[in-house]
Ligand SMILES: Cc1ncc(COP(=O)(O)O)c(C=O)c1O
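What follows is one chain in structure tokens, specifically the form predicted on its own.
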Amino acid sequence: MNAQAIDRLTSWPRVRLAALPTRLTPAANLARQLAAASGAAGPEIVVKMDAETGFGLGGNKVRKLETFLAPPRLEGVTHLITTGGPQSNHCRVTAAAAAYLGLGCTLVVNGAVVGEPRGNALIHRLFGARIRTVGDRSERTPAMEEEARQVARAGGKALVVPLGASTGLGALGYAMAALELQLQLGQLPGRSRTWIFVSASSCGTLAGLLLGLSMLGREDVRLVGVSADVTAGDMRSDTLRLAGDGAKMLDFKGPLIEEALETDDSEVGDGYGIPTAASGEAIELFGKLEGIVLDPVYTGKAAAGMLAHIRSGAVDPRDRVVFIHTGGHPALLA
């Protein structure tokens, strides 16, 4: 454990948005059903409910924005500008943060909404965001830069928030979450190994968890990022880069526990936001067995990856599985 880096992390400036700590709740019914289906004992399963961070309907983006938007970065800022898809969770929470902080907000969205806005697309507008639509992902960054110049010409100052707030700074929010999870797991009976499953795309959440676990020296943990769209190779390189950036900010010179990181792109299916049979099953099981609502874009596929690992026997029955529920349920209503 690197106490100095942890002290720097816990004293890092934040804008307080999230309702923390989020619950760590057992998924005993799901664990029993999986064990019964296999005819053998199975691992313990618990769910870290980051869907309940609260602010702007919650989810993992709240923790990352807490560090990304912390003072003094907002000094003189009049507008937030960010990007995502028409149903972006990140855009939803950024628009909520802008409203809360009394700032203007522009969302550069790739893809038009067909018909009346629903789900996150509706909530973006309810939070007062101005929507600029572009044709595809390649146009997003140039459009954000143009929007920032327009704000400056009008006498304002824009802060551009990268996709997902997935930077070294944003990742510090999930390094803090790793410390929070460590305390919660310490209150449970010991298990031989801990597996952590989380959805990954822009990789800031996964990178923060890797950084936090590395500072804690948790070599007994297996951290699995399940992709919503990117390849396993890109996910790994992005995660290590962002975790390294966060480590530099904290002057953490210890090694990242790279051997603990697994990146899994087997659940992507036909692409981003396109449900699969496995994600549909995972959503159904979590709903009917645990009363937990997953989404079809991120957490449904992450849970499918978790189920596949357990069913394959990769997870020892003596282990504990932690599923990080990163939110996203408004997508079900789109």
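Residue numbers run from 1 along the displayed sequence. Predicted model only: the values in this text are computed from it and were never measured.
Another form, the form predicted together with the named molecule, is not on view; read the next lines as being about it.
> Is it the case that K61, A200 and T205 all touch the named molecule in the predicted bound form, with a non-hydrogen atom of each within 4.5 angstroms?
Every residue of the spot touches the named molecule in the predicted bound form.
> Applying a 4.5 Å heavy atom distance criterion, does N89 contact the named molecule in the predicted bound form?
Taking the distances in the predicted bound form, the answer for N89 is yes, it comes within 4.5 Å of the named molecule.
> Does T326 reach the named molecule in the predicted bound form, with heavy atoms at most 4.5 Å apart?
Yes - in the predicted bound form, heavy atoms of T326 and the named molecule come within 4.5 Å of each other.
> According to a 4.5 angstroms non-hydrogen atom cut-off, is S214 in contact with the named molecule in the predicted bound form?
Looking in the predicted bound form, residue contacts with the named molecule do not include S214, since no heavy atom lies within 4.5 Å.
> Though only this chain appears here, would T83 touch the named molecule in the predicted bound form if you measure heavy atom gaps against 4.5 Å?
Looking in the predicted bound form, residue contacts with the named molecule do not include T83, since no heavy atom lies within 4.5 Å.
> For the chain shown here without its partner, which stretch in 33-41, 61-69, 263-271, 276-284 has non-hydrogen atoms within 4.5 angstroms of the named molecule in the predicted bound form?
Result of the contact check: 61-69.
> Enumerate the residues of 154-177 that have a non-hydrogen atom within 4.5 Å of the named molecule in the predicted bound form, in sequence order, or give none.
Sequence-ordered list has one entry, S166.
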